[in-house]
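Just one chain follows, in the form predicted alone, and it is written as structure tokens.
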């Protein structure tokens, strides 16, 4: 039976619509009264798992799901050993460095050495600042990262930005885009190579 891991949160609705387009109906996940974490589609010999976005690559990497849908930002942060199969062209956003609007910092290279940068994407932030040779301390925050600069705890943040509205409402402005992110279809490398449970056919349907 084909198993696909679907992400909770912003990508879920579009992920379910995509599955519906190829005949897989997991729309029960959108029902606020539903508490199921696994839905079977016996007719198509498939099932879906509802998991945290950051856990999607884990379930795929360890073979509990043949396929998964997850943002490119998560793949960059997790560095999981999964096969990236398709860019699904939805969930557009960008990873950016932002500072207070009244800050004199106009680019990341101008951030004073040993400043604090807050981010929930610790790996991405650390690799970026190492790459531009700016020594900073990356502090992990997993709630409202914008509070870092607001409270004076951090000079800057590295965070995912969609419209930029949240940044503007909290007095922050972007000074660098690190990369753009979209939803990606990922697969378990060995299962895909061996075409277990006819994965290749499902990937072909999704690509169409």
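Not measured: the values here are computed from a predicted model. Numbering follows the first chain given and starts at 1.
Another form exists, predicted together with another copy of the chain; not displayed. Remarks below refer to it.
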Counting only non-hydrogen atoms and a 4.5 angstroms cut-off, does residue 42 reach another copy of the chain in the predicted complex? no
Any non-hydrogen atom of residue 62 within 4.5 angstroms of another copy of the chain in the predicted complex: yes
Is there a non-hydrogen atom of residue 30 within 4.5 angstroms of a non-hydrogen atom of another copy of the chain in the predicted complex? no
Residue 177 versus another copy of the chain, in the predicted complex: is there a non-hydrogen atom within 4.5 Å? no
Looking at another copy of the chain in the predicted complex, is some heavy atom of each of 75, 163 and 199 within 4.5 Å of it? no
Taking another copy of the chain in the predicted complex, which residues along 40 to 61 bring a heavy atom to within 4.5 Å of it? 49, 50, 51, 52, 54, 55, 58, 59
